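Below, in structure tokens: the form predicted on its own, a single chain.
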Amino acid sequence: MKKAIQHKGKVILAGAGPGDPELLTLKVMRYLQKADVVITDRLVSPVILDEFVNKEAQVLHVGKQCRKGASTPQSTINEIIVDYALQGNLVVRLKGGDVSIFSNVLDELQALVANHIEYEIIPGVTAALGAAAYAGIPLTARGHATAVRFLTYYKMEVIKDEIWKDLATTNDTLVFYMSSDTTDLLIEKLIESKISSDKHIAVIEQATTPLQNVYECNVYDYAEKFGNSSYASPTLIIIGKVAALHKQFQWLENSSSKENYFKAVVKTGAALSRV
């Protein structure tokens, strides 16, 4: 039922963390308990939605599948957020990981500003930090790295040829999001650019969830050990000297499961009833 429009609502742009529901911040949990509407990405733990969301709230699934499966267009997501906020609702836009790392938050911020809607941004534990911690990999371990770079290689044109040499020769830890389908090519590019033989790769499936798996080796051994592998979504890739520390400091055993922790929702935001 429509609310009588008395005032504009508010939108909370919030990070839900990388998977483990206990990594949700208290601030986000409190907003979820007060929310009228929750608009959630696919990579949000079902436990968060089941246990921490106001039971009276409407939950809309607008998950993106990258190149796989159905996705709700970003323009539709923007419209849904604005529509519900303009009815006076407290809307929580819940994103996997952190709000500002490889998300479409800019589009949503622009839509909110254009419609003069009040908003708040609440950070979450991003996948790089969650995956590294749960794999026992300190990203800037002393003597191994002094900086971290967050990148994506979900399609080849994202990284220009002239950049590969810099990535191959840096001592920074490289963290690749949304790049599991191009991992073989990523390694080929780094080897072609003469990455040093002391660099390792750790491929982390479904980080921080009960279904986490970590595949680690020297970058020059990757093709033989893990080449042509298919990884469960989401998968994060860590490359650098620090990746070798996984064997020494691993504190979680691999699940050895290929089951998906984050289930695809058949109904997307575009198919949900509009107000």
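Residue numbers run from 1 along the displayed sequence. Remember, it's a predicted structure, so these values are computed and weren't measured experimentally.
Not pictured, yet referred to below: the form predicted in complex with a small molecule.
The contact residue chosen from Ile137, Ile204, Val92, Ile201 relative to the small molecule in the predicted bound form is Ile204, the criterion being a non-hydrogen atom within 4.5 angstroms. The small molecule is not drawn, but in the predicted bound form it has no heavy atom within 4.5 Å of Glu108. Although the partner is absent here, Leu43 is a contact residue: one of its heavy atoms lies within 4.5 angstroms of the small molecule in the predicted bound form. The closest heavy atom approach of Ile121 to the small molecule in the predicted bound form falls outside 4.5 Å. Although the partner is absent here, Met178 is a contact residue: one of its heavy atoms lies within 4.5 angstroms of the small molecule in the predicted bound form.
Figure note: of the listed segments 184-192, 78-86, 161-169, 94-102, the one touching the small molecule in the predicted bound form, with heavy atoms no more than 4.5 Å away, is 94-102.
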